[in-house]
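Next up is one chain by itself, shown in structure tokens, the form predicted on its own.
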Amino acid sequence: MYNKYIEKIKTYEAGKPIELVVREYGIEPKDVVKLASNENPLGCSTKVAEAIAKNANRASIYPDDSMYELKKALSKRFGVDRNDIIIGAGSDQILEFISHVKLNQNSSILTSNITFAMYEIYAKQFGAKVIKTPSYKHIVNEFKEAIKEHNPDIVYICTPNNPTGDATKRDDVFEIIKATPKESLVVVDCAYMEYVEDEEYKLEPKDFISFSNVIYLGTFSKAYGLGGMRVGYGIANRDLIKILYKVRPPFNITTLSLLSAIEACRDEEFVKKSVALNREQMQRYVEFANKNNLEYIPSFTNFITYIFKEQNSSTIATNLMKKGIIIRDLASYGLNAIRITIGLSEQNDKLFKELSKEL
């Protein structure tokens, strides 16, 4: 009755919403601290908020399907041509486009052992085989060996990696790309790249335009604070972009989402402020881990992963939620760990206080 591949797919598990905690535990919304979905704790730029309010009556009008102004803004920011850009309802929609044009039941994808779950979910929707390297980090030799052995149709490089927070060195990314046959597509997923300040790990979309089989993905959901507006982008050689456009539905982001992203591009100071706050508060999480003898993965993102040896991550996540603190349990990834979004100072104070009681 249904596509035979669907039954075997594990449904994506999103971070729990504030509304769930309010319903289940009777906690007032103002008392709930959500540190589960890597949203920007500063919210969005005031310029974006003002644009949404000013243009609310345009919700009845379809957006400019060419997305000319947004592509123009991204073109200026990244030094690429607007014809090298495709816009999606979040960068994960572009992952779906990529799956449509590359995958079928005879295909395969290659990922690191622990990474963004949607790569595997989209692959299985098409009946494709999922190959994983032994490590959660993107180890060059592991990828090169797997590419040589399996000749995957798509190679995913998630840097910084979600949900672990580590990043792959720039030189390593290009070594993996050069080891990949031109018939295969390399997806360089950089949703958290705005938080990377170390030049050894920093990637720019324009560096990939010369490759016929590489696409760079970015998003407005993290540093730009537009998670609720669902806007992402892919940047690649225009011939690849033309192919992806063949599976893009019309008006795939909303009028207000489009306006929000355009305004967000104009407020780089907000991004700088967000990154500075994250850097400052991240240090507190490192100090908390050291003080409490907690293992953690050094992070290049706006979240940190704590790994437990004795305590159970699911128990800790549940106990924190009962106290109005939502974090991400990584048990579903096979890790006895929790992922915590770096919040505002007062949010982090509450997290540290309650997590200390669980250790």
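Start at 1 and count along the sequence shown; that's the residue number. Everything numeric here is computed off the predicted structure, so don't read it as measured data.
What comes next is about the form predicted in complex with another copy of the chain, which is not displayed.
**Q** For the spot marked by N293, P298 and D349, is every residue within 4.5 Å of another copy of the chain in the model of the complex through some heavy atom?
**A** Negative, none of the three is within 4.5 Å.
**Q** Just give me the single entry in R266, H150, K182, K206 that has a non-hydrogen atom within 4.5 angstroms of another copy of the chain in the model of the complex.
**A** Looking at R266, H150, K182, K206 one by one, just K182 meets the 4.5 Å heavy-atom criterion.
**Q** Of D166, E96, E142, E120, which one comes within 4.5 Å of another copy of the chain in the model of the complex, counting heavy atoms only?
**A** Selected residue: E96.
**Q** Heavy atoms, 4.5 Å, another copy of the chain in the model of the complex: which of 170 to 178, 250 to 258, 129 to 137, 198 to 206 makes the cut? Say which one.
**A** It is the stretch 250 to 258.
**Q** So, in the model of the complex, is R58 in contact with another copy of the chain at a 4.5 angstroms heavy atom limit?
**A** Heavy-atom contact with another copy of the chain at 4.5 Å: present for R58.
**Q** So in the model of the complex, does any heavy atom of V271 sit within 4.5 Å of another copy of the chain?
**A** Although another copy of the chain is absent here, V271 would stay clear of it in the model of the complex, with no heavy atoms inside 4.5 Å.
**Q** Can you tell me if S66 lies within 4.5 angstroms of another copy of the chain in the model of the complex, counting non-hydrogen atoms only?
**A** So S66 counts as contacting another copy of the chain.
**Q** Considering only heavy atoms, tell me if A331 and another copy of the chain come within 4.5 Å of each other in the model of the complex.
**A** It does not: once another copy of the chain is placed as it appears in the model of the complex, A331 has no heavy atom within 4.5 Å of it.
**Q** Using a 4.5 Å cut-off on heavy atoms, which residues of 219 to 238 contact another copy of the chain in the model of the complex?
**A** Going through 219 to 238 in order - heavy atoms within 4.5 Å of another copy of the chain in the model of the complex - the hits are S221, K222, G225, L226, G227, G228, M229, R230.
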